[in-house]
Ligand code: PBG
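First, one chain by itself in structure tokens, the form predicted on its own.
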């Protein structure tokens, strides 16, 4: 600003950026470990850690190592984890029967984690794709994904997970009506305190590839576009959120996060319950791959990504960066 009258003052926003202490003092948005949920991939075995090539730094963990990881996360200030089971092919079938096995990998892992650190919040995925030989989130018949026929299976899975000790069940399947169906089943089984984090806004995204590698859960035929959302739509996101809240969701999620910051903001402006966002595997892999090439600073890129998601309105962020962020916090 050019001063013509010395009685005028110059507006100097830079005064609030002059030192790190001042920048911290006036910072509008801050990500802390308590805002973060660490996703964990779990597998059969004991003392087993299997690296995931498309997600550097991430691994499939046997239940004992998953419990150890949760103890370490708690010490860093991360108090919530989301579990995703890598099921062997011989246990998969077209009815996803293993999804309701009370002695299966996921319930055994929940129990191991709760025995190791009872205060940690365990969030479990509710969808058929990890258990299905078809690789879809719902039952498949003649190439079609069956909505209503899938709901009882999702409800049975959710009740089993709650009985094993899950604090929050998270239906990620995008079947219509599943939140209400699950809420009723939980209540009727006496699990009225088990929360539901609904994947209300889940887009048919290109950024899920590494996750599907991690669980070997890619569709064996077709794609997921008939039940996951069109990336072009925002109003539809609000409709999905409204429906899930009416059906009993305690929290709602937008997935992916980075390419959908506007959707997170739109959802946040319309709801009064917590909003979560999933900083997905492809977003994580982009930063890691570029950093390996020396093209970006991985730590700065990670932190900028997380603060953008929080700034957009996410109260809760599921992120594969959670542990390394907390280590440096």
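Residue numbers count along the first chain shown, from 1. Just so it is clear, the structure is predicted and the values come from calculations on it, not from any experiment.
Form predicted in complex with the ligand: not shown, discussed below.
J.: Taking 35, 260 and 265 as the candidate spot, are all three within 4.5 angstroms of the ligand in the predicted complex by heavy atoms?
T.: No, none of 35, 260 and 265 comes within 4.5 Å of the ligand in the predicted complex.
J.: Look at the stretches 72-80, 175-183, 237-245, 224-232 and give the one with heavy atoms within 4.5 Å of the ligand in the predicted complex.
T.: Looking at the other structure, the answer is 224-232.
J.: Given that the partner is absent here, does residue 127 sit within 4.5 Å of the ligand in the predicted complex, heavy atoms only?
T.: The answer is yes: residue 127 has a heavy atom within 4.5 Å of the ligand.
J.: Report yes if any heavy atom of residue 95 sits within 4.5 Å of a heavy atom of the ligand in the predicted complex; otherwise report no.
T.: Contact check for residue 95: no, nothing within 4.5 Å of the ligand in the predicted complex.
J.: Quick check on residue 287: any heavy atom within 4.5 Å of the ligand in the predicted complex?
T.: Residue 287 lies outside the contact set for the ligand.
J.: How about residue 61 - does it come within 4.5 Å of the ligand in the predicted complex, if we only consider non-hydrogen atoms?
T.: Contact with the ligand, no.
J.: Between 141, 212, 111, 163, only one gets a heavy atom within 4.5 angstroms of the ligand in the predicted complex; which residue is that?
T.: Comparing distances to the ligand in the predicted complex, the residue within 4.5 Å is 212.
J.: Which of the residues spanning 192-218 lie within 4.5 Å of the ligand in the predicted complex, based on heavy atoms?
T.: Heavy-atom contacts to the ligand in the predicted complex: 199, 202, 207, 208, 211, 212.
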